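Here we start with a single chain on its own, the form predicted alone, put down as structure tokens.
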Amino acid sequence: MKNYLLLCGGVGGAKLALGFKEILSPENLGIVVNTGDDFTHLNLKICPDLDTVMYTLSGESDVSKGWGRKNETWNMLSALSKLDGETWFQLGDKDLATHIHRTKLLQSGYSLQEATSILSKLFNLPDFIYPMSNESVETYVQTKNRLLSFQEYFVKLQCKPPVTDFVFKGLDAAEFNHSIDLDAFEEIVICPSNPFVSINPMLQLNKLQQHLINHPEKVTVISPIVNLNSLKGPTAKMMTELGQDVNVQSIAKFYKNYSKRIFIDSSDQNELTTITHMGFEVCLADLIMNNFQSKVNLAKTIVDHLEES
């Protein structure tokens, strides 16, 4: 069995990561998670994508929302609202406990990787979840009117302002997570996460970027676009506002310097020839993951193909 490294953001990436977790041994799997949308809120270190992956893989996620913890209560937020505090970022009581413990670990001198490993163990998970960097990289969204922090854009303003560009602050001082030996993985899978704000922050880290450019034959992209729309989140909206066509061709163009293989949904098979001419090996699969079995099935389809290649 080959070793697989997943690059993923929040909800979409976590769904596929769960499928991989079910079919691979922990020693054959690594999951690198975007931390570009991390931020400090109420003096707590919040890592939305890391938490979504951790909750999803441990069976703790609120499946109906796709984020946060199941069987959540909201007493703190309700009390904070009555005190006229900031409540635009939804922090449930159980979720809050995660942020408090992570913040304490970081303030005690642990790195983000070390804190993630400790939290993973507490959620009964193997030590296979990796923040993309131990240093802070902050994603900002340039809109027509002003530059917004990602969470302000995504949560507070609900992705409504038109997007013109993205800015990643902190890249000069950030390095790709030293805990990850890229040469130890025969296959790298880019999950169906938002390419602009979930995957691109990772691609901006020099070590990972150069490795993908030098080894595109071992990089497989799973399209976040199915039948001219996003699988999840504002990907399609962003593509339109950036002047890109909302289709799998645009996804292939985005990753053309990093990958030679792409999985597209069976509903987009009319794009197969065009993307093949762009230099990709194109694979068809059912990419919509709307229940547990579909997540496992997609992961198995990907692994079966890559084990044979």
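Here the structure is a predicted model, which is why all the values come from computation and not from measurement. Position 1 is the first residue in the sequence shown; the rest follow in order.
Not on display, but discussed next: the form predicted in complex with a small molecule.
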Considering the small molecule in the predicted bound form, find the one stretch among 122-130, 90-98, 207-215, 165-173 with heavy atoms no farther than 4.5 Å from it. 90-98
Would you say all of Phe20, Phe185 and Glu187 touch the small molecule in the predicted bound form, counting a heavy atom within 4.5 Å as a touch? no
Contact with the small molecule in the predicted bound form for Met76, defined as at least one heavy atom pair within 4.5 Å: yes or no? no
Closest heavy atom of Gln151 to the small molecule in the predicted bound form, within 4.5 Å or not? yes
Look up in the predicted bound form whether Tyr258 has a non-hydrogen atom within 4.5 angstroms of the small molecule, and give yes or no. no
Does the small molecule come within 4.5 Å of any heavy atom of Trp67 in the predicted bound form? yes
In the predicted bound form, the residue from Val155, Leu147, Leu106, Ile118 with a non-hydrogen atom within 4.5 Å of the small molecule is Val155
